[in-house]
Structure formats: structure tokens, C-alpha cells
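Given next, in C-alpha cells, is a single chain: the form predicted on its own.
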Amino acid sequence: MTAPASSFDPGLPDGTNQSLDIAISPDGTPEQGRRYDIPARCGMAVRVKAGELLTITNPVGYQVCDFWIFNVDDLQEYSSMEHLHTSILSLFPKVGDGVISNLRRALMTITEDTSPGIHDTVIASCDHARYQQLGVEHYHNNCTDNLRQALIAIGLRAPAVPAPFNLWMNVPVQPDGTLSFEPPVSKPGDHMRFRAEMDVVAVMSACPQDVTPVNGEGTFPAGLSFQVDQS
């Protein structure tokens, strides 16, 4: 007996926001050295050529960035946190570590991190279902849809929703394996810099989470910024 086909489409957003309308260019190609601002609760995508540097800045300090990387020539190859863990034997990537793909290749390498280095590679991106579980009845902006929309905005489509590299997100892992959501420890102006090891498209979401304290306590989701430069 043949199982019914799934109607799930990983590239189709559950809802929409400004992310569909704020692409940096029709295909995501940036102007070298120009700073681009990602509005709060939104996502943007950028093409980064091999050898170029992508700098992502946290202007307010407490804002989490859900971060994904795709091989431009084959979107089926993308950043994979489970493969990253195997490669670096750690949950916490640091300067010099590659962001590893599901084909076990480094897509980008971390070259600079001005923060204390507390980031998350365990927690899935927030999505419509997650906010429903948290008691939100209406549609809530979310990182999963920001990923999908940011790619659609530059003429691409997400082949999957990989686990994100959550920049500045603070999820302590206790000796007994339990986790908790804590405010970021990064400070205003902290940035991370990545060198592309191949031609990639990077997607960044200014996480809209305002139910748990991942974007700080007593704060509201804020924006991020980024720029691409020659190495």
C-alpha cells in the first residue's frame, strides 16, 4: 500500500511579513562595503562569493540572529548543526571553526567574534507551530518563515528548513543534559565575521521571539546589520 504524499512544502511560508519586500537586490548580490539593516522580526539573504567576508553586527547587543548558509550552486547543500558538532566536537563554534554542511564541507569559516562566544547550535528556529505551543493564538512572525521569505525575495526557494546557527543565543547546557532559555550575554555593537569557502547565499533572521527571554528580558526584538567585503 502506497503512503499518501505529504502536502508539506519546506519553501512555503505559513504567513508573510516585510521580508518579502526588502531584498538587497533582485538576486541578493550586495554592494561591497555597504551596510545593510535587517528590520526587527524580519529576514534577509545575501550572496557571498568564495573568499569574501560577511560581517553580522548586533547593534543592541541582545538581539539573536538565526543564521543559515546554502551552497549557491546546489541549495540541497546547506549548513548542518549536527554535522558541525561532529566536525568540531563541540556545541559552541569559535574563531577558526568552519560552519559545516550536510555534505561535511566548510561553507564559511568564523574569522572574528567580538562577543563572549556564547551562541546556540541546538535549538530549532521558531515557527508558527512553536508559537501556537507557547499560547499565541494569532499568526506570529517567526524565523522559519523569515528564511523562506528571504530566499523567495531573491528568486530562490528553501529546499529544507535546517537547524540554524543561532548567533548570540544563550541556551546553557547543564551536566544532566537539561536546557534553558537565558538572555544573551553579548553587548551592543558585537559582531561576527565569516569568510566564504565557496560561493554561498547566507540568510539572517532578526529573531521575532518575544515570549521567551532569548532576546533579553524587558526588551523587544530589534534589528541587525551586515555587510560584505573583500578579504
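In this text, all values refer to a predicted model and were calculated from it rather than measured experimentally. All residue numbers refer to positions in the sequence shown, first residue = 1.
Below: the form predicted together with another copy of the chain, not depicted.
Put simply, residue 163 is close to another copy of the chain in the model of the complex: some heavy atom of it is within 4.5 Å. Using a 4.5 Å cutoff between non-hydrogen atoms, residue 104 counts as a contact of another copy of the chain in the model of the complex. The closest heavy atom approach of residue 129 to another copy of the chain in the model of the complex falls within 4.5 Å. Not displayed here, another copy of the chain is approached by residue 73 to within 4.5 Å at the level of heavy atoms in the model of the complex. Only one segment in the set 43-51, 191-199, 169-177, 24-32 has any non-hydrogen atom within 4.5 angstroms of another copy of the chain in the model of the complex, and it is 169-177. Looking at another copy of the chain in the model of the complex, residues 60, 116 and 139 place no heavy atom within 4.5 Å of it. Heavy atoms closer than or equal to 4.5 Å to another copy of the chain in the model of the complex belong, across 116-139, to the residues 122, 123, 124, 125, 126, 127, 129, 130, 133, ordered by sequence position.
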